[in-house]
Ligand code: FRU
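Presented as structure tokens, the chain that follows is alone, the form predicted on its own.
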Amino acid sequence: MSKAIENAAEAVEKDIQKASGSPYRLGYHIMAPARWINDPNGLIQWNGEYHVFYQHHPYDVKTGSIHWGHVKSKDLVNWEHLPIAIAPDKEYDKSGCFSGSAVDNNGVLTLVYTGHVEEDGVITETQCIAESTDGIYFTKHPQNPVIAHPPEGASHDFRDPKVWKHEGKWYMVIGSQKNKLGNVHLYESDDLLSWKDRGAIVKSDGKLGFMLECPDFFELEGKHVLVFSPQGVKAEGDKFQNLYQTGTLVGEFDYANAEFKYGEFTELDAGFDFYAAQTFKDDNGRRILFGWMNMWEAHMPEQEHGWAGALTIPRELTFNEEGKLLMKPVKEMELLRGKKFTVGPMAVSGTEKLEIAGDCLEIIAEFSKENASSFGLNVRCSEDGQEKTVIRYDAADEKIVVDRNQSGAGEGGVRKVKIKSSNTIKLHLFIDRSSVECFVNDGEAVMTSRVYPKASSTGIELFVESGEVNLLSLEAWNLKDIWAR
């Protein structure tokens, strides 16, 4: 273990006790033991175990000198902290080991990442490799950086390599910027060390913003999908309300000509806190996604407790019959379930407090709309009614709304997403101590939000604002705290 990693581990250790006592500390999400975390990196199933790396600043609760934190799991649910994987300790990455990906190169777990250097007001970003034979300790390659310069005419913004293998060759997509517009470039290699620039497969015309971060390109059910995080996309009504977005372009890709034909940019998650999503294909052929469950502009009350940031639960990507990309919780999340509660079927009018309560819960509620103008669930409710997070369906405009104006110490605000017309509405919620992830109609829409209620605000309510709704069924489970060893 390098001295830089030893020093980082010692720094994190100083805040572990403080962080673990935080009332906002999550029960079943990936977090650093303490201090700062942002983008998920290096997602891979290797030697039968799931590995997730993440951008990590071990010296503060804000971003800074970025390292790669590391966890692994046998089941996508119960995670184990491993030593920090890489630290910024070389000339080519001394200001940060920025985002990237992981591949299995003939049995060697190989990280491909961006080396970030800021010196005398000049920024340099290059692409680098670190390798491990045991999946724990990594050595940086002597030929680093393996891509030393951005594409011709591009700016210094050149980062976040995602690498995969296709028909015996390695390919990489990477975010870049030219003329203050974002691009996604494609590279090709035989050995991960020498790379050929195949050109930009996506070029922003301004609508996609000034920088395309964290690109991830893959084939799913016969279609090609680019997941990426554009910066500088302008809000359109209820869409694109966060400072930066994460979404997809779906289409067809021609490897021979490096040509990607695609449709409209679509937001992946319409909530407050979702960025820098990355995916991997597991041994069962599933395409699984994690995102950063925060946003750059957000106030993070947990910083006062020695930690900041988390990743979403793992989500499986599929297409429905109409060609819409769905995002659903992986089935393994059921392993967390403890005591079960059931409610309904029943008619609901007004507000009804349920017997269910808790700060780590899964809830699946299905409603028949009837004549109600607005209905849904209030979660993390206080006894005095002062705190609650509202998830509701507004019938007139067919929108799901998340309202966190009474959600506690964090920021307020409202997010809305339009869904397909249907007589029934299904809400699948994962509630953790400072987060709510809402999956609508089996993944048609998803809304992820950090919330910061008091620890005592654990109530759940059904409500109808006018008219009546039929609750067809409601199932709920207390969920296990994986970090309570």
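When you see a residue number, it is the position in the sequence shown, counting from 1. If you're wondering where the values come from, they're calculated on a predicted model, not measured in any experiment.
There is also a form predicted together with ligand FRU; it is not shown, and the following applies to it.
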**Request:** Would you mind picking out the stretch of 196-204, 269-277, 363-371, 407-415 that comes within 4.5 angstroms of ligand FRU in the predicted bound form, counting non-hydrogen atoms?
**Result:** 269-277
**Message:** To verify the annotation, which of these, E316, D216, D359, E213, has a non-hydrogen atom within 4.5 Å of ligand FRU in the predicted bound form?
**Reply:** E213
**Asked** Looking at V436, I66, L43, V446, which has any heavy atom no more than 4.5 Å from ligand FRU in the predicted bound form?
**Response** I66
**Prompt:** How about F265: is it within 4.5 Å of ligand FRU in the predicted bound form, going by heavy atoms?
**Reply:** no
**Prompt:** Would R380 count as a contact of ligand FRU in the predicted bound form, using a 4.5 angstroms cut-off between non-hydrogen atoms?
**Reply:** no
**Interface membership of W296, ligand FRU in the predicted bound form, 4.5 Å heavy atom rule** = yes
**Prompt:** Is K388 close to ligand FRU in the predicted bound form, meaning a heavy atom pair under 4.5 Å apart or at it?
**Reply:** no
**Prompt:** Which residues from 16-52 come close to ligand FRU in the predicted bound form, meaning a heavy atom within 4.5 Å?
**Reply:** N38, D39
